[in-house]
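Quick setup: one chain, the form predicted on its own, written in structure tokens, and binding and motion questions come after.
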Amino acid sequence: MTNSPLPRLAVLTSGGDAPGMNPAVRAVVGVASALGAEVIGVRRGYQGLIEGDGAPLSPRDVDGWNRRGGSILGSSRCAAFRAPDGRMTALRQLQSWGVGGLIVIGGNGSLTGARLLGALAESEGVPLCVVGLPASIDNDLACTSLSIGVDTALNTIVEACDRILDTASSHARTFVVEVMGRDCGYLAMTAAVAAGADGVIFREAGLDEDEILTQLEQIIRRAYDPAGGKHRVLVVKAEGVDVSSQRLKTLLDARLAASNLPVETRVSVLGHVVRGGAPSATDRLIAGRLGHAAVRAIERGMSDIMCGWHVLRRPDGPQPTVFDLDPYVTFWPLETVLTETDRIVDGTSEVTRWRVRLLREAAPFLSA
């Protein structure tokens, strides 16, 4: 044990991996070590926590982690943790390690687990500060303008689209590129704008199958019209859209044939390649600053919160920010985060409406 006012910490990554998780762990270890505290790295997320699969991490252990994609600690989706007995086992394991602060790096499900574990600790009278860091390439978490991993995933998609456009132009083809994002269309929308796509299909637009096909046909007809001067079409599709990419191609080909438009179409599903790769500079910086803020928050006794990243904030109203920590990091109750995240997914969030509105205003040529 040390004489640090900071308790011994544990850190874990959970749920889907995201580029930037490793830099976040590295920052937690580095800051805690500078404050004289120890950090237990938990392997395989909540599953590893239940099984006691953890070991101390020193700055030397995490040297170079900022360059690595995925999660070196490992991640998993743990069914046992959803049950009260599983959470109690996890809490007792933290007690056996002498841990007084837990930092959870992950998405919606991971932060839900963090909140449940924190509530259990409180009900059991166990002193435990729980802080979450948003890490999800989907950018579907509330109370943060960017989650760890989003920037890298977006850059990967744009690079892939640039390459696909090369071959599409060579053969006068239409490509539908499907990207990850689950039920959130953020990656599809932003990638379409950044890659210079001709159209984008995302669940939040609320279009049915026939409306999607009609808009795609109009985009293709306009692009290949002699006055249009184009020799290729790129459409970005979010995976959360109900109609599959292959079905979309089949129905679209039939429409084009009936309209005497001899256009070749191709589908490219990027899939998990979007998750991989070394984190971008932006993700490394965001992860580092969120990791620093998480440790400092626990030092101050803050708990049941998530550290959010906000480049811009409204000038009016109170800001959940501790400016002497980091003016660009905000702190939100996990309950608020999870409630607002549900609204982002179901489309009732002001954030979701803003994204759709801005897309239509800034890029009216895109199908929405």
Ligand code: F6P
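The first residue of the sequence shown is number 1, and the count goes up from there. What you see is a predicted model; the values in this text were computed from it and never measured.
Beyond the structure shown, there is the form predicted together with ligand F6P, which is absent from this document and is the topic of what follows.
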(request) Identify, from the list M180, V233, C78, L128, the residue with a heavy atom within 4.5 Å of ligand F6P in the model of the complex. (result) M180
(request) Work out which of R284, R115, R275, H292 lies within 4.5 Å of ligand F6P in the model of the complex, going by heavy atoms. (result) R275
(request) From the candidate stretches 200 to 208, 214 to 222, 134 to 142, 262 to 270, select the single one in contact with ligand F6P in the model of the complex, where contact means a heavy atom within 4.5 Å. (result) 134 to 142
(message) Even though the partner isn't displayed, in the model of the complex is E239 close enough to ligand F6P, meaning a heavy atom within 4.5 Å?
(response) yes
